[in-house]
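The chain below stands alone and is given in structure tokens; this is the form predicted alone.
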């Protein structure tokens, strides 16, 4: 089931101040979108609304399947969406167990869990740390583990909030390569909120700029 995300006339108001104003957009499948803007511009709010983690005050967000039928916000849809927060939540457990968590709660069998987790850890360059306690990872390694935890469930939409914040250049470059390789596999649509202009230019197919609650420009990177 290939999903398409449509955002229609979204408004979000905090303490009487519009953060998002009448935003509409259609996200095509299997591309990388980058939402940019200064602090307080509404990037994270927009990202969370798209990921169904927040509800707009006005407007609608909906997902269509390949037959253009609107999908209800049920458990099956949420299994197709994953969100990586700026600070990755880490369990006091091994890197392997942190990445495996989403598969375990979905009832995957042990053999498939092992195969999937080892594949994604190899993909993000952390296979050699699978037995290490995740709390001992560097900031950049933790970000990569968060991406591994996101993609191990094979989502159709991956939302990333500031994936390179507090990350050194080496890990930033690794994250860039990971995201571009995900796109090449043509399995997921990636939507990123960031203030990192250089990173956006490296990974983005489409760059959306948010300022004063409005989408001002849309550029092909």
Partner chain sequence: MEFLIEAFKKALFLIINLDRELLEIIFLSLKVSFSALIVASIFGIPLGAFLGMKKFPGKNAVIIFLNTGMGLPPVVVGLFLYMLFSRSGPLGFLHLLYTPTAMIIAQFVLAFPIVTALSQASIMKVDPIIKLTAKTLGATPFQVALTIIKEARYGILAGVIAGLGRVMAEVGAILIVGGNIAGYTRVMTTTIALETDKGNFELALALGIILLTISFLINITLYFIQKKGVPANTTWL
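Residue numbers count along the first chain shown, from 1. No experiment lies behind these values; they were computed from the predicted model shown.
Unshown form predicted together with its partner chain; subsequent notes refer to it.
Residue contact with its partner chain in the model of the complex: residue 153 places a heavy atom within 4.5 Å of it.
Although the partner is absent from this view, residue 79 contacts its partner chain in the model of the complex, with a non-hydrogen atom inside 4.5 angstroms.
Among heavy atoms of residue 89, some come within 4.5 Å of its partner chain in the model of the complex.
Taking the partner from the other structure, its partner chain in the model of the complex has no heavy atom within 4.5 Å of any heavy atom of residue 108. Annotated contacts: 53, 139 and 142 all touch its partner chain in the model of the complex [non-hydrogen atom within 4.5 angstroms].
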